[in-house]
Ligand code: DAH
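Shown here is one chain on its own, the form predicted alone, set out as structure tokens.
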């Protein structure tokens, strides 16, 4: 068999040296070692040779094959290093540049207000207690002296699941559950989400948040109530704030009152913010009705205390001068980012 393996090797190496990229190298490999490759064709003719010739030619072909493969691998390595180097150059990072600003979440205005209110009362010795949002009628109404037929029980105000179970309309059921345990003295605030069947508008929502407070001992007076809430108002709105209490009615308390604070925009002189009244209503309160003690299993002759309820959203609207409650729930980042 007349074959010049040195010539084939030299030709292959020359082609490899002139290859422009990895694809060209692969084409060269296939042209020699593929099914129709030049080296493959020579090896397929081995059957024409005698044993001695086949052995000698096989050895020579393996040497040429190894030389070509080694040259291809060497060239591939150079191409790969060049490609990697160009990629690293394109993707190089200047570690001296300032980092990109990372967008980090922040507290919702209602959460900010809740935390402020909670801290104020915790400093006065109150303990935070929570309860279920799906509540029994027994705790939401009956134990709070809201008998059947009371307007607050109307289905237009309350989401009923069945005759005995509902979505709580206030956090006061937590107070009833605490009193039911019979451990005095009691000094708690109960916070959480409540539900009422209200139409959505600038000042109403079917779900909102409350903080309600309860203090029960054997020697608590209305003066203690006024003093506590005045300290709260000054801590939350500022030391220049004045308070006043107006008679009101709540089944849970007797006597009952609503507390106003002097307008922190005009100092009580009257402005658009306070509707020219000089005062702003912020919460309801009163002395716990003796009947509630009986309904919760306490001795009404040995218990005396007060309760109050504060709307978190209402405080947020006042503190941040927001004129539409719906803004708190629409998740508009242009609005929420103002509180970052």
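All figures in this text were calculated on a predicted structure; none of them were measured in a lab. Positions refer to the first chain, counted from 1.
One more form of this protein should be noted, the form predicted in complex with the ligand, which is absent from this view; the next part is about it.
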Testing 93 to 101, 180 to 188, 128 to 136, 244 to 252 against the ligand in the model of the complex with a 4.5 Å heavy atom criterion leaves exactly one stretch, namely 244 to 252
Worksheet item: Quick one: does residue 293 come within 4.5 Å of the ligand in the model of the complex, counting heavy atoms only?
Response: no
Distance check, residue 228 to the ligand in the model of the complex, heavy atom within 4.5 Å: no
Q.
Please tell me whether any heavy atom belonging to residue 170 falls inside 4.5 Å of a heavy atom of the ligand, as the geometry stands in the model of the complex.
A. yes
Taking heavy atoms and a 4.5 Å cut-off, does residue 308 contact the ligand in the model of the complex? yes
Among 153, 196, 209, 75, just one has a heavy atom within 4.5 Å of the ligand in the model of the complex, namely 196
When the ligand is considered in the model of the complex, the residues of 271 to 295 having a heavy atom within 4.5 Å of it are 284, 285, 286
